[in-house]
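Okay, here we've got a single chain as structure tokens, the form predicted alone, with questions on binding and movement later.
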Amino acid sequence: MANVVLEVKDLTTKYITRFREDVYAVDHVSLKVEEGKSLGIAGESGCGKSTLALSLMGYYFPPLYYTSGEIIIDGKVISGMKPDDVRKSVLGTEIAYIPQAAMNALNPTRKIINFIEDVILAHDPTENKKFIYDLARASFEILGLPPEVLQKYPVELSGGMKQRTVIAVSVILRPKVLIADEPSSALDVTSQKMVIKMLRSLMDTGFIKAMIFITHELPLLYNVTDDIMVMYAGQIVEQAAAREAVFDPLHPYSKGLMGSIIVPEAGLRDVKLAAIPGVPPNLKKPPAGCRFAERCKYVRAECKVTAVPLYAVGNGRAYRCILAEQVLREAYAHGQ
């Protein structure tokens, strides 16, 4: 049986506005990532992807608050830990995070090696600079980055090189889990390819055990991850193997998400683009029933009445819709 590196059980986190209103951006989310595997999380802007990424690290600061659920990394429960303990013994060593606009994470006034020294010394103040340099040099070489980068300032690096450097710094302490949040969105195609190749190599070289890759592009996840979860309004609405999620989505939102993206993959080139009408619900007062109901062309009266659970359909696949799998497939086949 494969070793589960990251397990999340019924995690709920919220934002509290200045008017003391609760916004449940992550609502009862559960997931598992096995060793050697990568999980993709997709959804439009505002669906809760980045909030989930922040929540998975177990490190909360206002206006984001932990509400309930468990986060377990390699058998260690990190949810509910004190912030100082999380910072010292979890971040960077158990789990690492590459944020959106990660290229701005580097200090422009310090060389890359000095930045790495700050990271390592924050975890172990006793380490000497020679050990840190040797570790950084070896790590950069394994990941295909020239050691000369260590002596450069961020301004001397191209966008793609900055992004790859941030990734290398993020995994310098060999975290078990890496979360990459839109790591290639601001790059040209060539740089994107290099970043994705580097991310793939992280598990091959043993730098990390598992990865979560977050983006709004389902086709990109197909080329990077083993499995995909689709988020909508703070909830997981579909989970499946990458190929199934991209080429055979079940949930109407997943179907709409794929239909709104131009993709070069064979079998999808002739699909007509179609926008998803409407806007996501207000999470200050989420609807009682299906959260996608107001935008769904397959909606029925019962969809708006009670909350919809995730229905398992076998082989690790599930979707959050009251319509039977057969009904959805027939509707899609007839172009309804």
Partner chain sequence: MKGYRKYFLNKLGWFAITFVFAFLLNFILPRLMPGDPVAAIVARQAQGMSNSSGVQAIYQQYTELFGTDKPLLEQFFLYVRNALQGNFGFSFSQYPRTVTSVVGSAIWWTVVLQFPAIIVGWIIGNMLGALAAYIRGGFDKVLMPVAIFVSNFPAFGMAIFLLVIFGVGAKWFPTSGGYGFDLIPSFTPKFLWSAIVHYQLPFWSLVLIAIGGQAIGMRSMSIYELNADYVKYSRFMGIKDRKIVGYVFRNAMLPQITGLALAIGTMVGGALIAEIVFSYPGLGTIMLSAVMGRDYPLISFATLIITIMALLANFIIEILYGFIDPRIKATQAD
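Everything numeric here is computed off the predicted structure, so don't read it as measured data. Residue numbers count along the first chain shown, from 1.
If you look for the form predicted in complex with the partner chain, you will not find it shown, but the lines that follow are about it.
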Exercise. Taking heavy atoms and a 4.5 Å cut-off, does residue 66 contact the partner chain in the predicted complex?
Worked result: no
Exercise. Can residue 99 be called a contact residue for the partner chain in the predicted complex at 4.5 Å between heavy atoms?
Worked result: yes
Exercise. Though only this chain appears here, would residue 303 touch the partner chain in the predicted complex if you measure heavy atom gaps against 4.5 Å?
Worked result: no
Problem set entry | Any non-hydrogen atom of residue 153 within 4.5 angstroms of the partner chain in the predicted complex | yes
Exercise. Quick one: which of 161-169, 245-253, 204-212, 71-79 gets within 4.5 Å of the partner chain in the predicted complex, going by heavy atoms?
Worked result: 161-169
Exercise. So which of 186, 149, 198, 106 gets a non-hydrogen atom within 4.5 Å of the partner chain in the predicted complex?
Worked result: 106
Seminar exercise, completed: Contact check, 40-78 vs the partner chain in the predicted complex, heavy atom within 4.5 Å, ordered by sequence, gives 54, 57, 59, 61
